[in-house]
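Read the single chain below, which is given as structure tokens and is the form predicted alone.
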């Protein structure tokens, strides 16, 4: 894995073809234009939060123009587009940030964040200052706020009678689909499973045919993607309290007045808070629906999972990139 500076990111995009929408200038003559690129749909909770909360709050001086389903930039290229000056905003994962700055992998590590409130405390704590500064200085990306995606759980094709998952040892040999980046694959192995990289759009078919034994996602995703139709159990491992950052162009930010900057920051925080509450509500109310479709939901030995997963990171190449003492600081902000 390499560290890509802002200049390198700009050069790497020089050969990319931009859609007409992506090439929309950042500024209109009389009013600013904030473009946002996301791989999510218009009905995705993060998209809804930005459209319903962020956009109205900045409407006094900026037009908000989102591009959904990867129509402006392909998933994974949005941060480079911001760096190059062709995009104002994106909704970025810690895993994507880690592709540029490996130390961000600490925020994508199993059982580091405890819950949604802990995510917010960590993001707003001084321990994040060095991470945020590096993103601004080397990539030209300002991280405004943190969005809650939910607790990820292990979701399997086998019934509980066939496979009762209580500890990581029970996942030995289980072919678990995980996203393709190094940090995701490491987490899959740390859980005790045999992780398989696979595009999200292929997961439903892979589960239905048995190409994979399972997948991991929050309950709202299980419902949205209808994974409950092709699986029989969910072990509530809560192995990752997943997040996204609202990423904003540092160049555009620096061009704003102090009042405009304050408005943009407040709008991002409000959108993140709105989305967080909506996602928590979904998580709390979807279990009964999933059970009604024949999927058994239960809680395994969480202490066994937590202890095993975190032990896999000790002394690893992944953990070697983490600044000294930061993990202890994160843990100290927990409940």
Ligand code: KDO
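Here, rigid core means the biggest group of C-alpha atoms that superpose within 1.5 Å across both forms. Residue numbers count along the first chain shown, from 1. No experiment lies behind these values; they were computed from the predicted model shown.
One more form of this protein should be noted, the form predicted together with the named molecule, which is absent from this view; the next part is about it.
> So the named molecule isn't shown here. In the model of the complex, which residue out of 247, 264, 171, 149 has a non-hydrogen atom within 4.5 Å of it?
Filtering the options by heavy-atom distance leaves 149.
> Looking at 111, 131, 184, 253, which has any heavy atom no more than 4.5 Å from the named molecule in the model of the complex?
Partner contact (heavy atom, 4.5 Å) among the options: 184.
> Would you check, heavy atoms only and a 4.5 Å threshold, whether residue 269 touches the named molecule in the model of the complex?
Contact check for residue 269: no, nothing within 4.5 Å of the named molecule in the model of the complex.
> Using a 4.5 Å heavy atom cut-off, state whether residue 177 contacts the named molecule in the model of the complex.
Yes - in the model of the complex, heavy atoms of residue 177 and the named molecule come within 4.5 Å of each other.
> Indicate whether residue 278 is a 4.5 Å heavy atom neighbour of the named molecule in the model of the complex.
Contact check for residue 278: no, nothing within 4.5 Å of the named molecule in the model of the complex.
> Is residue 46 close enough to the named molecule in the model of the complex to count, meaning some heavy atom within 4.5 Å?
Yes, residue 46 lies within 4.5 Å of the named molecule in the model of the complex.
> Within 4.5 angstroms, counting heavy atoms, which one of the listed stretches 303-311, 284-292, 33-41, 56-64 is next to the named molecule in the model of the complex?
Within 4.5 Å of the partner lies stretch 33-41.
> If you apply a 4.5 angstroms heavy atom cut-off, which residues in 183-216 are near the named molecule in the model of the complex?
The stretch touches the partner through 184, 200, 216.
> Superposing on the rigid core, I want to see if residue 292 changes position between the shown form and the other one - specifically a Cα shift of 2 Å or more.
Residue 292 C-alpha, core-superposed: shift of less than 2 Å.
> With both forms fitted on the core, check whether the Cα of residue 90 differs by 2 Å or more between the shown form and the other one.
Shift of 2 Å or more: yes.
> Do you see a C-alpha shift of 2 Å or more at residue 281 between the shown form and the other one, with the core held fixed?
False for residue 281: its C-alpha shift is below 2 Å.
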